[in-house]
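Heads up, the chain shows up twice below as structure tokens, two forms, tagged structure 1 and structure 2.
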Structure 1
Amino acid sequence: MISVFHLGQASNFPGKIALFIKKDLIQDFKLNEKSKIILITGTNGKSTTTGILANILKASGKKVIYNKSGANLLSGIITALCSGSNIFGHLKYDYIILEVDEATLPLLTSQIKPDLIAVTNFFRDQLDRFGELDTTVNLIKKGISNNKNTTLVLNADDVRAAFIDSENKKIFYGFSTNAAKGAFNNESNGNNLWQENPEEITTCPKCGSSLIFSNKFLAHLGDYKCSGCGLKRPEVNFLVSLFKTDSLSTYFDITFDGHKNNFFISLIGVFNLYNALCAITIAKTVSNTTNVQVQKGLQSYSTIFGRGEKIDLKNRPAWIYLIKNPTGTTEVLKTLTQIPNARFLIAINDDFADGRDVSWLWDAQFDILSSHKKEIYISGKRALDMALRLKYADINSSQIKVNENITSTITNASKSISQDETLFILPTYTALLEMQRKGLCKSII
């Protein structure tokens, strides 16, 4: 059965067919006795966390298989397992890491016994229906209740994840109240705009009273206490005690087992720090990986994936790659132009946090795009400089679509490109912040 579907690059299709034929197929896979299954779920950050974790464990010399970014329904999971098994269904891996859609979790855990389930967070974007989030929480709760021996790794800063009702062993990760001191005290560089995320009304999962936050790190994620029953954030086992971020990287300390450890990752944004923290917490929980191996994994993650972030744009995915300097931009262009049917939107601002001088555009190798035959969307305050840069990189002027307004450019682009194409958005820092502020990225965590 499995051998038949041991084929190709597709991320969902083989699994879909296989499931159609045999519903409980997943039980046919034969695991090494020692191999561990890790499931990562939650509304946001699953793909990035999975990717970082896979890299850390690989850097620790482990054999790892994981599902492709976004292929987190049962079909995608089966497809990943098919491609990683031999024709007898043997999976010879030390770790099987699966990002799992929240609704899929109960289905999956009724058939396999995971060693660990991580719950990243519960975010609701403004457009979602009321009540949906509780449904999601219940699905995950049900998925966990199938296996009492599974260890849970939970985001302590998200009250719904932290207080998921279960008797399982729990390990918590989160930020220290003072963690962001180093990151946001530089008023002039505009980094504190990260804190301008849409507010969520957060209430106590026990008594329904409102929560009091001593600090919020990202939207509703923070250090909280209930104003009614006294419930408070659980004690955190893996604590980001300090972090700093520049335009390209995040430098952070994680305190665990009484020791402080420094790491850095070439990703920016508090959301990515949460993803890295979750991955490190899992890695340290399931393996004896050293700090050096963790750091090696963090570094290999950034080289493999760039700084890509997947977002939802009116029901279709798009990818964001922050661009800031010539080298990074050139690397991003080199990577993305390899992808078939890629379409590009470039948004250049010249605010203080971007650098006032747009000269750097001339040191980036935009000529990599010269063989791109489709229209390229250009936006931001310095869209015209960008347009000129493309023109002098031998891109036909008629291909260059200029509109300084980022909102309408993204709307136009997502309407104009066809279903088999993928939009890659390359904004500078404040252009990205603007997209977030205007709700253009529904879920950029």
Structure 2
Amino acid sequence: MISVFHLGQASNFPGKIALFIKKDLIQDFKLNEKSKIILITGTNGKSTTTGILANILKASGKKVIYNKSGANLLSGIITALCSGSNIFGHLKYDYIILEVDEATLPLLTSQIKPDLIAVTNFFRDQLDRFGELDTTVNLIKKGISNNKNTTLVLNADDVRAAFIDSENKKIFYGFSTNAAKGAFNNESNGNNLWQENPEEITTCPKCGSSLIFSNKFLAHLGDYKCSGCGLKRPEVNFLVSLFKTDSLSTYFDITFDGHKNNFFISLIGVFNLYNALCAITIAKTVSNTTNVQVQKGLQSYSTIFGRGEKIDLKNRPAWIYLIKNPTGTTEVLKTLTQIPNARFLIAINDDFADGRDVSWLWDAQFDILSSHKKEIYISGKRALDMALRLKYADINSSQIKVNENITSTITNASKSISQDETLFILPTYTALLEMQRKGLCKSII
């Protein structure tokens, strides 16, 4: 249908038209007999994990379709599928990989039968939409319950993800306790930052007692056991045993099937290592992908829209990192402040796709920027809220440059950056879309 009207795959809009015409349109798509459907959900990392996985499977010679734009509501998923099908709805692919919004998962799995569902993690996100984490967990649990024969790939380091109540086959990925030993160039600073992150309250899913952590890798993600009943992190099938990072890449060892395997990816940050680990776990689970093919996929991976995306800004390189919740924002700040001569522009909107509630800004650790001596540019509809948050993070008022107009803010920031400095733009989702719509940024990798 969408192919006939040449509506393309730019957004949710084509899918909305299709769903208006036929609400259960997704059931009309016709798959190859051997096609496998993979769904990736959870709070953080869905888009990057989906992109890395697609790249790995394509590197192994497989034909893949996925919602590359990151539009993960039902309308966006329909848009992606229509763009890849012929006028009769045939999808001739080996793998259909779909990033799925947590609230959309139950609706989607009531209409299709995925071969695998991956759950990345659970963090507070868009509280006005999801409420507290129990609501998000229950939505994903409901989505899984529609499919008893679906294999689950779960983050063992997140107790809520690891112990989702279901009888499905489960495969776990996670970090070893010593994975971060020597991981950072500035070891003392890096290791301090490694421990600093807003955490979700975590208790034992079996008895409700407190969890004891032998190590935490990112916020509440870590190696744990229950102080009451003794429940502990499940045995990890795909384990990062060691990783090292520089300003451009991450080098890591994964142990699976009794063997240690070496990989690297041109992404930085613990959050991106979790994304790569999840993608490799899925690829190895659903196919006979070799390590050479995995590395080829990792090496040729280009970041997607706004997730560590390198752009051309007034003929100067800059980077965009989407921010949307406390933990993700803190982890981005931890990573980027390790880079010499970093400069920052933060753009905060509160449209529906961002979440109307911006109180999460107070839980994110913007205090990490307190030692930053250069100007910090602030923009977006909630620029004043962001500026106030930075003042309470002990950042000098004279450093905070506020302008709600994103266009002029980017122009001013680009003029202030010297040749040896790198501008990092941290926008919420609709601020990112506005930048793209106004032609303010063009991807160069």
Partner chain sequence: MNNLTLELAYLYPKLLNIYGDRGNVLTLLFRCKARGINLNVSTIGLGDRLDHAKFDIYFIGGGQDQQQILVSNDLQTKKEGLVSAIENKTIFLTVCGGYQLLGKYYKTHDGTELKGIEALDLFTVAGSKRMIGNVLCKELESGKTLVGFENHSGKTYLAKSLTPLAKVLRGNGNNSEDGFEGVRYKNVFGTYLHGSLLPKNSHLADKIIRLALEKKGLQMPDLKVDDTFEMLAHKKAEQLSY
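Just so we're on the same page, rigid core means the largest C-alpha set that superposes within 1.5 Å between forms. On a predicted model such as this, the values are computed, not experimentally measured, just so you know. Here, a residue number simply tells you its place in the sequence of structure 1, counted from 1.
**Q** Quick one: identify the form predicted alone, either 1 or 2.
**A** Answer 2, the form predicted alone.
**Q** Relative to the superposed rigid core, does residue 34 relocate between the two structures - that is, does its Cα move 2 Å or more?
**A** No, its C-alpha moves less than 2 Å.
**Q** Has the Cα of residue 357 moved 2 Å or more between the two structures, judged after a core fit?
**A** Moves: yes, 2 Å or greater.
**Q** Does residue 148 show a Cα shift reaching 2 Å between the two structures after rigid-core superposition?
**A** No; that C-alpha moves by less than 2 Å between the two structures.
**Q** Core overlaid, residue 370 C-alpha shift between the two structures, how many Å?
**A** Its C-alpha shift, to one decimal, is 31.2 Å.
**Q** How much does the C-alpha of residue 426 shift between the two structures, in angstrom, given a rigid core superposition?
**A** Residue 426 C-alpha displacement between the two structures, core-aligned: 7.7 Å.
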